[in-house]
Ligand code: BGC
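What follows is a single chain, given as structure tokens, in the form predicted on its own.
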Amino acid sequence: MEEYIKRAQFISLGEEAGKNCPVFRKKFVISKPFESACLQITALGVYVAEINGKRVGDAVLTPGWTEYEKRLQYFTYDISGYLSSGNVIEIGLGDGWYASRMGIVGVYKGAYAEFPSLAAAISVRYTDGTETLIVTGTDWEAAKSGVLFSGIYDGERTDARIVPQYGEKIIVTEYGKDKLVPAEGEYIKETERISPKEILITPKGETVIDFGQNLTGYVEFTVTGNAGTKVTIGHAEVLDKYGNFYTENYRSAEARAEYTLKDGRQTYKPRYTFYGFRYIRLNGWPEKINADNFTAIVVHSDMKRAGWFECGHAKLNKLYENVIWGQRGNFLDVPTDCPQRDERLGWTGDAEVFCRTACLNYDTEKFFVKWLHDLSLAQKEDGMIPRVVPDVFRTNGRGEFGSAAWGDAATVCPYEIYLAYGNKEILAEMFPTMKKWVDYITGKSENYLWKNSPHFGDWLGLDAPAGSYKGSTSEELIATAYYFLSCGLLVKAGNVLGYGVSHYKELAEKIRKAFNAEYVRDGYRLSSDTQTAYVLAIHFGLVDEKEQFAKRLVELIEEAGDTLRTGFVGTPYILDALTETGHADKAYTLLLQEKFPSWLYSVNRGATTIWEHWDGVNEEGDMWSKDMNSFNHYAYGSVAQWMYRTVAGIKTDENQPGYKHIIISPIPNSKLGFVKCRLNTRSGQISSEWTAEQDGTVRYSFEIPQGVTATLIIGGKKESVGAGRYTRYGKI
């Protein structure tokens, strides 16, 4: 398709608008029959376009967030059904990620610039072969709008009494047209509407509405009142132990919706921002509160659901549901860490540990391909991968470093996308980025050990020393383990693509030998004697006779009362490390553990999403901290991949990615009673079910789609099968 938008100018009100969200319009006439009409539009910020009073498309927060200094997405809409003889296009413009303050506490200027701008082009092709092209420029009209302010962190302020008065001076801003690219990610959409669960009066006397689910989006409300009445809505994830509205974990994010009424009955929802919340607090409501007048609208990238898991253990089902909601809440154009506080950034570490799980829950191919392209563009000349993508930290003086487990998103995520979808193209596109990352680590290493560099370590590990967010596992051990992992993934990618990677294969062996020489002590002990250290050594394949190292891992778990001490690095792999060394029973013990710290602890505390901290709320009802305590932080939800791959047993074959060949090897546990799992793949729908009988017998049922082969492994016995339905029996 022709890129008409590259003939448009970027227009703005600039500093004259203040923080008002301006509107731009153009009137045009169609005087003869036409065969097609399209609109191409983008913004450094976010836009809402209407033609003849009808909103164009159903995507929100467009055009999303990219590595703005390198590229900007534009959207193309068929607008044939919107047009008549006389027409007006009106486009509202908000700060979005571009001109809002972004990047954690203390940064109060626009992330990339102080004001937003937009560009648009309308092409109308007539039946006589002629064409009209309407592009943004100084011949458009502009006005300040009733949206007085909108920011990603601080919410939106709207005065419904204000009618735009066109006549403001438009300025033209510069942005390289070569940076414009067609939209490639999933559109952000309103995906679900949730009614209030309860209206509360807190001990402080505040009116609070509970929607029963921590979510990302915004509230739509209908209200009747007099012009000038101001309604304010605050947002919160939790109530404190006394039942009061709690927002201290939002840090400096105001996360407020403020609406000034016009006369009469009216309906409002935000246009340019989103919130993370379960509860809202009402102030200034002018009439009796009716729950029917409030709806929470769920907003996220419009990924199609891929996986479903259900079992006979109600709390495990709730944990799984929380994982799903955590992904929905944080997969909003980029994989954010959290959706509520003054952060909401594309942390690479969170994406790295959750990528496999994400691909099992939803079809995330388009979502990750778009984000990985930005990751590649954000990579520094020396190969360093920034901690967040898009790299909003690039100019704010926070310092830059490439952390192990965070930067390794550059190798882990492309390979997981390849395995899940058979997408060889993403490996080819990302291979230079993968190679530069491994070369960057090599440049930072001494004798094949990644030493003397800053890292996040086992972030939020429970064995952290007092006053530290980092677990006790040696940062250098973690870094060297990930060096080995990324080097190995580079070799695998190179082999798939037919590239010569013998140098990196040799390098991986040298890293492995150096790891053993440096960190293995006393036979099967590691110098860093922590759960996470053993998990990485075992699961990444760094040690021989890993079953012997697993004995120490089991001892450490038992010394901790059969609970976890792992953080962001160790947690995603601990159940896998136990299972592959013959300790699936201990993995189940951890999975089903209910005392603190455990996955089910938060379920018992009423969680509806995954928490950032194992003890976000402790057993006394007190909060872990004010400064870093998100209740919608999906990283620990990576446990769900173990449910799919081990409990239900559905695995893809590295040699035939995209589930062209499936390995189904469930490991049942009588405490679950039954399991039902299905997975929509590029090769069709796979299902795996089992039921544990009273006598210890297990009945298995599998369904393999057409064109797919599978290896069934029951009780250690392998069986090759083709498409069809199968029933087998075994023992617990």
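Residue numbers run from 1 along the displayed sequence. Because the structure is a prediction, the values reported are computed rather than measured.
One more form of this protein should be noted, the form predicted in complex with ligand BGC, which is absent from this view; the next part is about it.
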Quiz prompt | Option from 455 to 463, 177 to 185, 275 to 283, 416 to 424 whose residues, in the predicted bound form, bring a heavy atom within 4.5 Å of ligand BGC | solution = 455 to 463
Quiz item: Within 4.5 Å of ligand BGC in the predicted bound form, heavy atoms considered, which of Asp333, Glu475, Asp154, Glu343?
Solution: Glu343
Exercise. Work out which of Tyr659, Tyr250, Phe568, Phe484 lies within 4.5 Å of ligand BGC in the predicted bound form, going by heavy atoms.
Key: Phe568
Quiz item: Given that the partner is absent here, does Tyr534 sit within 4.5 Å of ligand BGC in the predicted bound form, heavy atoms only?
Solution: no
Quiz item: According to a 4.5 angstroms non-hydrogen atom cut-off, is Trp140 in contact with ligand BGC in the predicted bound form?
Solution: no
Exercise. Report yes if any heavy atom of Asp337 sits within 4.5 Å of a heavy atom of ligand BGC in the predicted bound form; otherwise report no.
Key: yes
Quiz item: So, in the predicted bound form, is Trp406 in contact with ligand BGC at a 4.5 angstroms heavy atom limit?
Solution: yes
Quiz prompt | Sequence-ordered list of residues in 342 to 381 near ligand BGC in the predicted bound form, where near means a heavy atom within 4.5 Å | solution = Glu343, Trp347, Asp350
